[in-house]
Structures are given as C-alpha cells and as structure tokens.
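Single chain ahead, by itself, as structure tokens, in the form predicted alone.
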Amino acid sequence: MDSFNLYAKYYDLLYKDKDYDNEVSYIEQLLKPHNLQGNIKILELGCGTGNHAQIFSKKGYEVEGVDLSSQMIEIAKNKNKGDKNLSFFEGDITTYKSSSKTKFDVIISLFHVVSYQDTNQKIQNTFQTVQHHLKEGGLFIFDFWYGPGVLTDPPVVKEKKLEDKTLLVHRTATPVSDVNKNTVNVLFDIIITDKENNKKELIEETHTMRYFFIPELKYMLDENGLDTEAYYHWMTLNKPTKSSWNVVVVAKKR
C-alpha cells in the first residue's frame, strides 16, 4: 500500500488551511502570457483528493486527475459526482497512459509531487509521461523543493494540530537528510483522535523528498523535449533566492 492510502481520509483536514483558490489563480497567471485558446484541457499529475481540479472546473477548464492513492481518487470522485469537466484515475505518474485520445494543453503537478520522484529514473519517467501527453507548444507547470533553500535553511522537526467536529489530528514531521542523494526522509507520526469516543489511531510513515537544482531540471526537461520557459519563487513572479524552499517551473513542449 502506498503511503498516502494510510491517511487519505484525513488529508483534507490536514490541509484545510491550504489556499487552493489562490494557487489556482496563480497557475492561471502563469498561463496568461502563452495565450492558450479554446476549451483548455488539463492533466493533473498527483491530484490528491481533487481540490485544485475542483476549482479549475468551476473556472471552465476540463481536468483529468491521476494519483497513486486509490483512496484519494475515490474521495475525489465522491466529492465531484456529476461534474462533467472532471475525471479521476488511479495511476503512477511515472508510467501513466491516459485513455483519452486527445493531447492536453496543460499538465500540472503541484504540492511538490515532482519531489516525490526521488531518483533520476523516476524523474525522467515522469517527464516522459508529460512529453507523451502534452500537445506541441503545451505547457508543463510544476513545483518542487529547491536545493539552495533546503541547504541554506535545513528542515527541522515540525508539529501540526488540526481538528473538525469529529476528529483531532496531531502530526509530527521529523526530517532526516541525505546530502549525497539530495533527499530528505520525512518521518511522520500522526495521531488521530475520534472526539466522540476518544479512540486514537497512530499512523507512522516515511516520505522521501528530493530537492532539485535548476540546471539539472533544465537538462532533464530538455532531454524529454521540454524547454524551460520560466521559473519563480512559488506564488510570485520573482526569481528564487537561496532562501526559497518552493520553486515553480514553466516548461513548453517543443
């Protein structure tokens, strides 16, 4: 079972403070200079429970979402029943092949999904998936952990507590860095308390995250027929600095 299946049903509570609306508006801002026309079709690699896709749909985009977690896909489908602009599929983004016969105008991969591809082979395979599904001149937008920021301001232990009417979630994230692999193993201890009966459930997971540098990403994108158009500090139009942890790349298929 993949790591996200273990807490998929708690995912939306864990990230209820995430500003999905502004993130979608930001992606639209990145699209504007490229003058995409007509009914824009988006493929989202690593769609989670479909929160970004839902907002894109309300703005008139068609979105096909894919995620490794069958439980997250089930949640995404249940939340968006009857929305003809949305479709969700379980799949591995390193090998995914859409059943759609048309190519996509835009491919997005947000919330550091690319950084979960922790080996050169995985990232190359992901970029091959993008190259296969994207129209000529289509755009690939993704964010990732930025190497200079991770090395300048190393990750530390973090705690997060969130609750709703029925659940209390307490998550502790403990990072263990491997500078020779450019990775951080994030050890999650998650305690979920059912507030009605005070029953507790403990989930323990390790998520391996890779941090990248612009030259290596440019090289790998180029190897897969994708030209780097721009890169920014996430949620801005500013160039990243040594203190930037989250960076977004806009690439175009040749």
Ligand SMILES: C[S@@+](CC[C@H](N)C(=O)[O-])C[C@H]1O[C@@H](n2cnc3c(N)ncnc32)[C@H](O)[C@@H]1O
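Numbers for residues come from their place in the sequence shown, where the first is 1. Note that the structure is predicted; figures quoted are calculated from it, not measured.
Although not depicted, the form predicted together with this ligand is the subject of the following passage.
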(message) For this ligand, considered in the model of the complex: do all three of 105, 129 and 138 come within 4.5 Å of it, counting heavy atoms only?
(response) no
(request) Work out which of the listed stretches, 217-225, 44-52, 57-65, 30-38, brings a heavy atom within 4.5 angstroms of this ligand in the model of the complex. (result) 44-52
(request) Go through 142, 88, 145, 116 and name the one with a heavy atom inside 4.5 Å of this ligand in the model of the complex. (result) 116
(message) Just to confirm, with a 4.5 Å cut-off on non-hydrogen atoms, which of 150, 75, 184, 110 contacts this ligand in the model of the complex?
(response) 110
(message) Under a 4.5 Å heavy atom criterion, is residue 231 part of the interface with this ligand in the model of the complex?
(response) no
(message) Can you tell me whether residue 92 touches this ligand? I mean in the model of the complex, with a 4.5 angstroms heavy atom cut-off.
(response) yes
(message) Is residue 245 part of the interface with this ligand in the model of the complex - any heavy atom within 4.5 Å?
(response) no
(message) I'd like to check something about residue 11: if you look in the model of the complex, is any of its heavy atoms closer than or equal to 4.5 Å to a heavy atom of this ligand?
(response) yes
